[in-house]
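Next up is one chain by itself, shown in structure tokens, the form predicted alone.
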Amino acid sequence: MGSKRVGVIIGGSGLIGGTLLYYFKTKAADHVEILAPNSKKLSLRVPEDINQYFSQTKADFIINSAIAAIDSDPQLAFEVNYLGAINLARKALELNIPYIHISSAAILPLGENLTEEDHLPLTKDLSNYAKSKLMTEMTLKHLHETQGLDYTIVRLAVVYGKHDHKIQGFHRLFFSIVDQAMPFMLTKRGVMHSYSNAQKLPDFIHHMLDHREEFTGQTYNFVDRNPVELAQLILTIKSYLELSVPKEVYVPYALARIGKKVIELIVKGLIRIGIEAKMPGELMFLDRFYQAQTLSPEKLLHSSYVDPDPQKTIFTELPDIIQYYVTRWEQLNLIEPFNKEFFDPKKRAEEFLHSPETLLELIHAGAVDPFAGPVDPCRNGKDLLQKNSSYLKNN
């Protein structure tokens, strides 16, 4: 048996990086040793950190999933998303190893069936996030064409998955529904978007690393085969949680923009009186709530990669996602306690809170097994899907 390949993941604390890290440490541990330096050991803003780390670490490939927050200022977005990414690419070029870069649909125009060749024009009007990600893609292509960089860009759309400790992207939308902070529908009927399953990504990247001749110098849209209507997704989450809001009243885009301006004024006012406040970064993409953006999966489908679970979609994963995030947000006191019959059927959390001595006696007497796994979310999910089947069929 040959020696293990050594891979370095940058951004291992995020949803994508963490999912990749878990995969390589559990499902590929016999073939790959994976390292994930934190920002104290390797800051993308400090070129010397990159040089020093890789002078001490033998790496066979680099995966970059790190990003600055989408609402970062120009300097942070430029230094992390662009300079940091390119300095990693230059190091991969120097070491003659593959470089996998995670990119975003933020660089794409609105529209349907967008291909890997599509992108927005590089102008000053782009958001700091989109501008930095687009510049990175352009420079990686330049380094490949002029110096032979072995790279692959994986372009993600709306990412969904568990274990994202930040409330951002899809999870920001999900949180606003759970928190009942969305009284009406901030979209319109028929608006479609592509979605990317975070759990499937590691298998694709592992496949690409094993087939460099096919994937080098290429960009791939990594999205589920079928796009999803935003309104249907919102109403399905509402139905699962048996909420009364958002009402199925569609707020016009012009009115939504006015609401955004009002929130901006309120935030500025709070800052002036010394209260820390900020706009949700996702509101910079408000226009995408009202216009379709779907990515073509054709290039991916015609590659040698085969999706091991093509039936998995945002809808099949929703029960598990709801189970995970609602429980987590409750524990962090970010939302009011939810329906315990669904999320804690055995009432153990209630007993722990109100009568720990009784619970301890039951454990010691063998009446309760504290080490039994949690309730199977897939089983709950099937119950929910069956309960809401009439809604799904009609939508």
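Treat the numbers as computed from the prediction; the structure is a model and nothing was measured. The first residue of the sequence shown is number 1, and the count goes up from there.
If you look for the form predicted together with a small molecule, you will not find it shown, but the lines that follow are about it.
Student: Looking in the predicted bound form, any heavy atom of R257 within 4.5 Å of the small molecule?
Tutor: No - in the predicted bound form, heavy atoms of R257 and the small molecule never come within 4.5 Å of each other.
Student: Report whether the minimum heavy atom distance between H31 and the small molecule in the predicted bound form is within 4.5 Å.
Tutor: Close contact is absent here: in the predicted bound form, H31 is far from the small molecule, nothing within 4.5 Å, heavy atoms only.
Student: I'd like to check something about F289: if you look in the predicted bound form, is any of its heavy atoms closer than or equal to 4.5 Å to a heavy atom of the small molecule?
Tutor: Residue-level check for F289: no, no contact with the small molecule.
Student: Is it the case that Q168, even though its partner is missing from this view, gets within 4.5 Å of the small molecule in the predicted bound form, heavy atoms only?
Tutor: Within the cut-off, so yes.
Student: Within 4.5 angstroms, counting heavy atoms, which one of the listed stretches 95 to 103, 181 to 189, 241 to 249, 204 to 212 is next to the small molecule in the predicted bound form?
Tutor: Stretch 95 to 103 is the one.
Student: Flag this candidate site as yes only if I10, S43 and A157 all have a heavy atom within 4.5 Å of the small molecule in the predicted bound form; otherwise mark no.
Tutor: Contact check passed for all of I10, S43 and A157.
Student: Tell me, out of L114, L143, I314, V80, which residue has a non-hydrogen atom within 4.5 angstroms of the small molecule in the predicted bound form.
Tutor: Contact with the small molecule in the predicted bound form is made by V80 alone.
Student: Considering non-hydrogen atoms and a 4.5 Å limit, which listed residue (V326, I62, A36, A66) is close to the small molecule in the predicted bound form?
Tutor: Looking at V326, I62, A36, A66 one by one, just A66 meets the 4.5 Å heavy-atom criterion.
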